[in-house]
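Next up is one chain by itself, shown in structure tokens, the form predicted alone.
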Amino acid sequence: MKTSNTQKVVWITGASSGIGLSLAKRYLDNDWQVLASARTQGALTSLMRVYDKLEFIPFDVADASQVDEVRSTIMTFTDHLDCAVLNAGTCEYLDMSAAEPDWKMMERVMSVNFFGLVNCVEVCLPLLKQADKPHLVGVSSQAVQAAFPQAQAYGASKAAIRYFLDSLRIDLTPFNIDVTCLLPGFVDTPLTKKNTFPMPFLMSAEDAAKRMFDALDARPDEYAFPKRLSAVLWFGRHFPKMWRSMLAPKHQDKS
């Protein structure tokens, strides 16, 4: 059964774990109809037993051939989307110390993080245009604020998201679609649990989701958090040589 025109509807990608899952809970607790997408249900399975306003729509965002099918599935539940939170993402690191660095990794990360988000915009844009006050939200990262070692693929993909949304915001103005770019810092998720380096100001997925949900009410163009990390990265951006000397591995003399 389709939702009524008065029911607020949000589509969240990357919703089976981490930030996406916590965001789904946050929207559900605020009486939104939530359409949740990921490759598999994951932790959404138990959540669906509790909330009757939650629907799962499988989607591998990197697979452009699924775009029309996913949109058609969404339209079986609703004629509009009030909000789309495009959160799906992945992360791999480029090890330049390896004899043969895995350059193919660059394409894998970009296909999910950037082109995956573009595919999601193609899915949801027609449905956003049917809402009274539509809101398109994309998740970038604080990693775009300053360079990090081994983060070439992840940082570049998230920077591409930021620019894409900045440009899209201009082109969607005639349609009254607000566009927000979220830049979270380090969040404790299954993805970041693989990290072997210090993650300053690490926050829980629940805390990140609360900050996002609260901030989105004002529909900012951009929201970066936590502010303490923003301040550190401001230093890295404005004093790049000092930043590099702090983060770069020491030179190994091979003579």
Ligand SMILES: NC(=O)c1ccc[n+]([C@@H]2O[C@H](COP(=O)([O-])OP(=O)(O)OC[C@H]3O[C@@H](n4cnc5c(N)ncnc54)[C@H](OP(=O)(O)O)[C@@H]3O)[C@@H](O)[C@H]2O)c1
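In this text the structure is predicted, and so the values were computed from the model without any measurement. Don't overthink the numbering: it's just position in the shown sequence, from 1.
The protein also exists as the form predicted together with the named molecule; that form is not presented, and the subsequent description refers to it.
Asks: Heavy atoms within 4.5 Å of the named molecule in the model of the complex: which of the stretches 76-84, 179-187, 162-170, 98-106 has them?
Replies: Of the options given, it is 179-187.
Asks: Is Met48 one of the residues lying within 4.5 Å of the named molecule in the model of the complex, judged by heavy atom distances?
Replies: So Met48 does not count as contacting the named molecule.
Asks: Taking any heavy atom pair closer than or equal to 4.5 Å as contact, tell me whether Phe59 reaches the named molecule in the model of the complex.
Replies: Phe59: yes, in contact with the named molecule in the model of the complex.
Asks: Given that the named molecule is not shown alongside this chain, does Asn30 nevertheless sit within 4.5 Å of it in the model of the complex, heavy atom to heavy atom?
Replies: No - in the model of the complex, heavy atoms of Asn30 and the named molecule never come within 4.5 Å of each other.
Asks: Should Thr40 be counted as a contact of the named molecule in the model of the complex, where contact means heavy atoms within 4.5 Å?
Replies: Judged by the heavy-atom cut-off of 4.5 Å, Thr40 is in contact with the named molecule in the model of the complex.
Asks: Name the residue from Ala131, Val118, Val112, Leu136 that puts a heavy atom within 4.5 Å of the named molecule in the model of the complex.
Replies: Result of the distance check: Val112.
Asks: Which residues from 17-38 come close to the named molecule in the model of the complex, meaning a heavy atom within 4.5 Å?
Replies: Sequence-ordered list: Ser17, Gly18, Ile19, Gly20, Ala38.
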